[in-house]
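Single chain ahead, written as C-alpha cells, the form predicted on its own.
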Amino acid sequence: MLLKAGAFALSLAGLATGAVAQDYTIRLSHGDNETNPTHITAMAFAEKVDEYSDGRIKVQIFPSNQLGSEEEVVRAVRNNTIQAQIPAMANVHPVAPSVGVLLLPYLFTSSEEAHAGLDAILEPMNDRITQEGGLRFLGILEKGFRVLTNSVRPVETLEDLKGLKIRVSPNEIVIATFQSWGIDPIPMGWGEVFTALQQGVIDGQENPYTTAQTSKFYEIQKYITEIHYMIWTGPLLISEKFYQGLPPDLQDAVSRAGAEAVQIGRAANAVQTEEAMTFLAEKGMVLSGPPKDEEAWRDAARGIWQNLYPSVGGEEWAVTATGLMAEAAK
C-alpha cells in the first residue's frame, strides 16, 4: 500500500530527526588523580562538549590510568577503542614521531612562551600526526616545567647529579638529554614510579611541582631542583577515526570544547603550581631553585638537538616547527 503524502513526509522527518539525535560517547583516559590540572581539563572538556553538542556527545572520564597505561591508551585511541586521552607528550612520541619537537630540551624559557608556541604549532602538527598516528590534538595542556626530585642530596650542579638513579619516561629524547648530563637514567612506566621511589629502586624522578604534590612524592622525596629543561606538555587528543566519523557540526563542537578546556587547564595549573611549591616546602621538601650552573645544563642538552632530528620527524620539520614556535613566542 502506498503511503499518503502526509505520512511519507512524517516518515522522512522521523528519519532526519533520528540522524540528528544520534548519540556519541567519548571515553577519555588520563593518568592523574582528580585534583590535578589534567583532570580539571578533562572535566571542562566534558562540560563544554555537552554544551556545544546540545547533549549529542557525552564524555566519560577515567582518571588514574583506569583504562591502562598511557602508552597502551595512546595506541587504543589510535585504534578508536578509546576515543580520547590526555597523556604526557613523551608517551605520544612513539606513535607520532613529529610530536618529538615539543620534547627538545630547553625549547621554552617560560609558560607564556610555551602557550604562544604550542598554539601556533597545533594546526601544522595535526597535518602530520593525523597521518602518522591516527591522532588529532584538540589543544595542548601545559603544566609547568618538569623539576627534578630526589631523596639523596640537593642537586645544585651537574656534578651533584652524577651517581643518582633517576627515572625518566621511556622516551629516547628524554633519555638522551639526561645522558648529555653524564648519567644513565632509568626508563620506567608512570604507574611504577611511586613504588620504585618508595623501595629505593630509583632515587628520583622529574615532573612538575603539581605532580610532586598530587602524587605525594613529599612522603618519599626530599629535594627539588628546577632544571627547566622541559615544560610538561600533554595533548588533549582524540582518535582521528572517531573525529572523522562525526558530522561537521559536531567536529566543530569537539574542537571548540577542546581548545577552551586546555585554556582552563593551563590557568588552573598556574594557580596550582604556586600552591604546590608552598605546600611542598611546608611538607619539608627543600626547593633549591635552578642549578648554579644552569647554563652548562642548557648548553649540553641543546648540543644534542641535531642528533635528535631524525627521531622527531626529520631536520626540515624540526627546523620549521621550532622556528614557528620561536616566532610566535616573541
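Computed from a predicted structure; not experimentally measured. Throughout, we count residues from 1 along the sequence that is shown.
Keep in mind that the form predicted in complex with a small molecule is missing from the display, and what follows is about it.
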Candidate from Trp232, Phe178, Phe137, Tyr243 lying within 4.5 Å of the small molecule in the model of the complex - any heavy atom: Trp232
Of Ser98, Gln213, Asn91, Asn150, the only residue with a heavy atom within 4.5 Å of the small molecule in the model of the complex is Asn91
Please determine whether each residue of Asp32, Glu70 and Arg146 possesses a non-hydrogen atom within 4.5 angstroms of the small molecule in the model of the complex. yes
So which of 235 to 243, 105 to 113, 165 to 173, 219 to 227 is the stretch with heavy atoms within 4.5 Å of the small molecule in the model of the complex? 165 to 173
Heavy atom of Gln83 within 4.5 Å of the small molecule in the model of the complex: no
